[in-house]
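The chain below stands alone and is given in structure tokens; this is the form predicted on its own.
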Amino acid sequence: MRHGALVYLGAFFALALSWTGFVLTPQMQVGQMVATNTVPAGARYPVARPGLAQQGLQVYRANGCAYCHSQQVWQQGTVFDVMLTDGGTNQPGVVAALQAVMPRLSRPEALQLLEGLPKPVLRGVSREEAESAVKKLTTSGAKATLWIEAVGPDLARGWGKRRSVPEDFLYDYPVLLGAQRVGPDLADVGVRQPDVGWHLRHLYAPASVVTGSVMPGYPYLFEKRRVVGAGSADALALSGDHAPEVGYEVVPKPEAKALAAYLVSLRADAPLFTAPFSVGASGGPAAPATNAAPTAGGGVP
């Protein structure tokens, strides 16, 4: 070949570029990560999962749970709320400022808004709109502050208080991010559903705890056996069509206990510098959510 050397060099550089993009760059970005600090407490995050939960990760992997569940909460962006915390003493001036901030607000409505503070006066606006509103209200003698709110469908569903970040998976191997959501995201399921017993019943017979669940059961992770004496303390509390026949009980095997322990350990409830919870501009806690959307189907809330 007359151009064999050029073909060889072209193939070499193509492979080198691919290796740089898919291996070297991710290693530089996350390969050297270490535990970080939470805010404002400064506690180290994350901590390694307990031994039983570590075993449960492998059970989760072996049973293909990642095929139907993800572990990555997404955030679309950030919006701002304006919270009126104190109406001050200049009521006419504050009412005028409120009507300037919200042109459709009548005077009686503005007076009603001044009762039972603190209250939000604007929600989900841009930073410029929020800062302008705060300036008008504080100039009138009232006290107002900005609330920074992370937004996105996952957060609205209640699947987490913040987006997922690489630090969340620092001690997991392998990392099971998942690619589909036949069922809901599980990154924060240990906060939403901390009851180990619930997870065991859900694994044995999903429809026994979630009506209409499309998740398959995993009865082979359990043992149905005759009741001896007072019965096992680990026996599942099942009822109706899901309960075993009289004289029998369903007891979780070690694999089921490990998997339930792993699910309960999935908690993204630490505010981080790179992924804080929704907070006030002064660093205070976020205003409570009032419009959480229903969770998706698939079994886990």
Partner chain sequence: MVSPEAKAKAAAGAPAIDAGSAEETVSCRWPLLVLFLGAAGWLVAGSLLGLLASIKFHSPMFLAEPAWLTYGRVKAASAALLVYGFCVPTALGVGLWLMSRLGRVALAGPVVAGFGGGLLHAGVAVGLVGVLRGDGTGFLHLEFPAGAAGLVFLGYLLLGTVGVLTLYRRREARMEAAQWFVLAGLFWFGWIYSTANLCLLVFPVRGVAQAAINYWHTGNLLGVWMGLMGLGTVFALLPRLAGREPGREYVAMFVFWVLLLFGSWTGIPATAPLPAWMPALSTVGTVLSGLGVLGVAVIVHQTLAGRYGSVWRDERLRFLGLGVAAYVVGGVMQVVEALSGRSWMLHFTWFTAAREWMQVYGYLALVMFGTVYAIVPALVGVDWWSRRFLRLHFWLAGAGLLFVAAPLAAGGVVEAARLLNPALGFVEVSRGTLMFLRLSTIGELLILAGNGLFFVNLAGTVAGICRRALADALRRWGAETTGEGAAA
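Under this definition, the rigid core comprises the largest set of C-alpha atoms superposing within 1.5 Å between the forms. What you are looking at is a predicted structure, and each value in this text was computed from that prediction instead of being measured. Residue numbers count along the first chain shown, from 1.
One more form of this protein exists, namely the form predicted together with the partner chain; it is left out here, but the text below deals with it.
Per the 4.5 Å heavy atom criterion, the partner chain in the predicted bound form is contacted by stretch 148-156, the sole one of 148-156, 225-233, 193-201, 107-115. In the predicted bound form, the partner chain stays beyond 4.5 Å of every heavy atom belonging to Gly124. Shown alone here, Gln54 lies farther than 4.5 Å from the partner chain in the predicted bound form, counting heavy atoms only. In the predicted bound form, the partner chain stays beyond 4.5 Å of every heavy atom belonging to Tyr248. Although the partner is absent from this view, Ala100 stays clear of the partner chain in the predicted bound form, with no non-hydrogen atom inside 4.5 angstroms. Along 176-215, these residues reach a heavy atom to within 4.5 Å of the partner chain in the predicted bound form: Leu176, Leu177, Gly178, Ala179, Gln180, Arg181, Val182, Gly183, Pro184, Tyr204, Val210, Thr211, Gly212, Ser213, Val214, Met215. A movement of the C-alpha atom of Thr78 reaching 2 angstroms or beyond is seen between the shown form and the other one when the two forms are aligned on their rigid core.
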